[in-house]
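Only one chain is shown below, in structure tokens, and it's the form predicted on its own.
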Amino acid sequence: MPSPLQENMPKTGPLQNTGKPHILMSPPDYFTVDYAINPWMIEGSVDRDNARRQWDNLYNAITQQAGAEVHIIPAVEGLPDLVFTANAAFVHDDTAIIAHYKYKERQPEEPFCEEWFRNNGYRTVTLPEDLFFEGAGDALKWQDRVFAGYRTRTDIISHQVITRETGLPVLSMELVDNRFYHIDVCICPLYDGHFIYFPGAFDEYGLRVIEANIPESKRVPVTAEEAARFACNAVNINDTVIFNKGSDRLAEELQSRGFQVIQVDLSEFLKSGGSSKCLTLRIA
């Protein structure tokens, strides 16, 4: 029998080169918080209608204002966190390294995501049962290298897989604050070399990694208050940066550096420990 994904998704083949960035999203049709696997999760707290409005606003900001093309992986009943597509895989060119989640609650997402990438012309790489890796939630490309987090949800050995399968060098950074459980909630590399980050998420070595790779003029540190509003969990599309509303100081800082800033209310998704970047995956 076909899976729910097969029933709802046409076989589209490889992505067409439209000249636009390509983003993968999944609608919040079944989004809820029924368990807690990070410190932000508030069980039973989601207003699903409001979550849909907020997701639609993010979708519109990405497609209509930032000019990207969004692809949809259909929601699946019983998989509330499938909406956070950032974790589905790490994508480079035609290769997708599929996530293998640390927590059993999210592991059923894995075959649906692998199927989507395989159907769309990607070479998929899966990991051994004992090796955990949470996709672009813990591995972010910046120029010709990857900043990758480990300890909280991802095993450091998985960073070797990234280099082996893509040829990209990896800068491994330990996450030392469990509130910032993925690296994409504490850094955001921007397209022109700028780099948003929360210093408090890293130890001294991690900060030295940032300082050694990012020129001081390109570093954009955020405050603890901004980090708690998931300001680092931003979507960057060319000169546009999209993040959860409430970080006006950061918005002004980015605008002074030539960026267009869009703040979107994503309060329902913060109840599950995610924001704009968690809800998106750059796939081309």
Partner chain sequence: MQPAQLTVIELTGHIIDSLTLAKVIDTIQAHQCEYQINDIRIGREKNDFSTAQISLWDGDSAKLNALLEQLKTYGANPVEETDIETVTCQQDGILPPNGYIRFNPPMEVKHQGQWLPVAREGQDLTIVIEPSGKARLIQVSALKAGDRLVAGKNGVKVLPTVGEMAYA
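Numbering follows the first chain given and starts at 1. Remember, it's a predicted structure, so these values are computed and weren't measured experimentally.
Same protein, other form: the form predicted together with the partner chain, not shown, and the subject of what follows.
| query | According to a 4.5 angstroms non-hydrogen atom cut-off, is Thr163 in contact with the partner chain in the predicted complex? | reply | Yes - in the predicted complex, heavy atoms of Thr163 and the partner chain come within 4.5 Å of each other.
| query | Does any heavy atom of Gly167 come within 4.5 Å of a heavy atom of the partner chain in the predicted complex? | reply | Answer yes; at least one heavy atom of Gly167 falls within 4.5 Å of the partner chain in the predicted complex.
| Can you check whether Asp144 is within 4.5 Å of the partner chain in the predicted complex, heavy atom basis? | Looking in the predicted complex, residue contacts with the partner chain include Asp144, since a heavy atom lies within 4.5 Å.
| said: Can you tell me if Ala75 lies within 4.5 angstroms of the partner chain in the predicted complex, counting non-hydrogen atoms only? | reply: No, no contact at 4.5 Å.
| message | Using a 4.5 Å heavy atom cut-off, which residue among Glu174, Glu211, Glu105, Asp192 comes into contact with the partner chain in the predicted complex? | response | Going through each option in turn, the one that passes is Glu174.
| message | To test your reading of this chain, name the stretch in 200-208, 184-192, 132-140, 113-121 whose heavy atoms come within 4.5 Å of the partner chain in the predicted complex. | response | Only one stretch qualifies here: 200-208.
| message | Given a 4.5 Å distance limit between heavy atoms, list every residue of 127-153 close to the partner chain in the predicted complex, or none if there are none. | response | Result: Asp144, Tyr150, Arg151.
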